[in-house]
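The chain below stands alone and is given in structure tokens; this is the form predicted alone.
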Amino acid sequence: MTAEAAPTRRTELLAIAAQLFADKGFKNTTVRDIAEAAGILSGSLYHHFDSKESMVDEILSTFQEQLFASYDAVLASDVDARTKIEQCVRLSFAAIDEHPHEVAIFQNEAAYLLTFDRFGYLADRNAQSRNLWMTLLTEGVSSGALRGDLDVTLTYRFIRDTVWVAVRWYRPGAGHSHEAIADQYLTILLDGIATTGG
């Protein structure tokens, strides 16, 4: 196996594992399941990873590192608060479109994985996400872009729960694009659903 081929095969194995973890659940997926889906023997999988825990660790840590780097770039930008909120919502729906398995694994398995010390960073990412949205919403209220009577904590929870749950029903290429869904979501979030004076 050449130096060039090794990372490619490793990436393929992680993609296969991610789909199985998302579809079957982490606990219900065995190393043998992953190996069979990859067309190799279980023993061969151990040449790349020492356990399925290492695989899900790499899947989640890599995905979240990329996602939060994008969020941080928005947070550090000079655009107004409303635009930052819009950009972060769009980044979230893009993540669901581009990384549905990673999002599903986190949504479905985080509570279980947090029982293992090696996944303590997932709690840190949850806290980082909360801080991101609370900062954006507070900035929005302070700047006048958002209503002064807004309950920032409840709004954060609403955004968190309604955005990420979309991974359960959104299917790329079926119906609306993730951009169109983000457009509609932002219209509801920022402009409401009632007509003026209705």
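Start at 1 and count along the sequence shown; that's the residue number. A quick note: this is a predicted structure, and the numbers were derived from the prediction, not measured.
Keep in mind the form predicted together with another copy of the chain is missing from the figure; the text below concerns it.
*Asks:* Picking from 121-129, 71-79, 108-116, 94-102, which part of the chain touches another copy of the chain in the predicted complex when contact means heavy atoms within 4.5 Å?
*Replies:* Selected range: 108-116.
*Asks:* Would you kindly say which of Ala37, Met134, Leu150, Val31 lies with a heavy atom within 4.5 Å of another copy of the chain in the predicted complex?
*Replies:* It is Leu150.
*Asks:* Does another copy of the chain get within 4.5 angstroms of any non-hydrogen atom of Gly144 in the predicted complex?
*Replies:* Taking the distances in the predicted complex, the answer for Gly144 is yes, it comes within 4.5 Å of another copy of the chain.
*Asks:* Is Thr162 part of the interface with another copy of the chain in the predicted complex - any heavy atom within 4.5 Å?
*Replies:* Thr162 belongs to the contact set for another copy of the chain.
*Asks:* Taking the shortest heavy atom distance, is Leu189 within 4.5 Å of another copy of the chain in the predicted complex?
*Replies:* Yes, Leu189 is a contact residue.
*Asks:* Wondering, does His48 line up within 4.5 Å of another copy of the chain in the predicted complex on heavy atoms?
*Replies:* His48: no contact with another copy of the chain in the predicted complex.
*Asks:* Can you tell me which residues in 114-135 come within 4.5 angstroms of another copy of the chain in the predicted complex, by heavy atoms?
*Replies:* Read in sequence order, no residue approaches another copy of the chain (within 4.5 Å, in the predicted complex).
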